[in-house]
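Single chain ahead, written as structure tokens, the form predicted alone.
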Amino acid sequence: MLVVGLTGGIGSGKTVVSDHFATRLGVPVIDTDLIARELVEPGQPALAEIATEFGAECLDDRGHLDRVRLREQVFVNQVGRRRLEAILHPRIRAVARQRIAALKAPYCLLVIPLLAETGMTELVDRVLVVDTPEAEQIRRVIARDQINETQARRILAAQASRAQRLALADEVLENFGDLAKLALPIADLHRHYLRLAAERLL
């Protein structure tokens, strides 16, 4: 099966794009962000490791991960971010491989927001980058996460640059703000990936 890695910076519109592929076109979507959330549910070994590594203050009163407090530690501290990645990324890779192996479809989307940063390119056959200008990313993140511009820029600075992501791309989907204009290019990409998937079977 052809595996397409979908990536893009925070606020680029990855979820809107992956939802369109899934709901309108019936393409299986595996989202590594959702996998990461499952891995840090109460009772999961990864959550226990995070609490040991970053302190019990990263948990709320019910024993769930307090993402705001953890983010405050991780995004101001590159060493902390690397420690968190060492806990989560091997587990995310393993779960993603299992879910890909269980699928029966011409192709699937594997959503990896930090593809350029994590080196998970070995999981995918092609890379689709959702590309958005930085100013639009910042506007969306401020509105979505209720944070200020300084915090939004700090998150962007911790990610790969727009140029680094585009350097990985086999295909680029421009999302400059008008979501209604995405349907046609997504349909074109769908046909393109179906052709590539069929060619792999020849």
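Values in this document were obtained by computation on a predicted structure and should not be read as measured data. Start at 1 with the first residue shown and count on from there.
What comes next is about the form predicted together with a small molecule, which is not displayed.
Practice task
Just give me the single entry in Leu179, Ala22, Leu194, Ala187 that has a non-hydrogen atom within 4.5 angstroms of the small molecule in the predicted bound form.
Solution key: Of Leu179, Ala22, Leu194, Ala187, the residue with a heavy atom within 4.5 Å of the small molecule in the predicted bound form is Leu179.
Practice task
Indicate whether Arg144 is a 4.5 Å heavy atom neighbour of the small molecule in the predicted bound form.
Solution key: Output for Arg144 is yes: heavy atoms within 4.5 Å of the small molecule.
Problem - Contact label in the predicted bound form: Arg140 to the small molecule, heavy atom within 4.5 Å - result: Arg140: contacts the small molecule in the predicted bound form.
Handout entry: 4.5 Å heavy atom contact, Asn175 to the small molecule in the predicted bound form
Key = Contact check for Asn175: yes, within 4.5 Å of the small molecule in the predicted bound form.
Exercise for the section: Check whether Ala183 has any heavy atom within 4.5 Å of a heavy atom of the small molecule in the predicted bound form, and answer yes or no. Expected result: Ala183: no contact with the small molecule in the predicted bound form.
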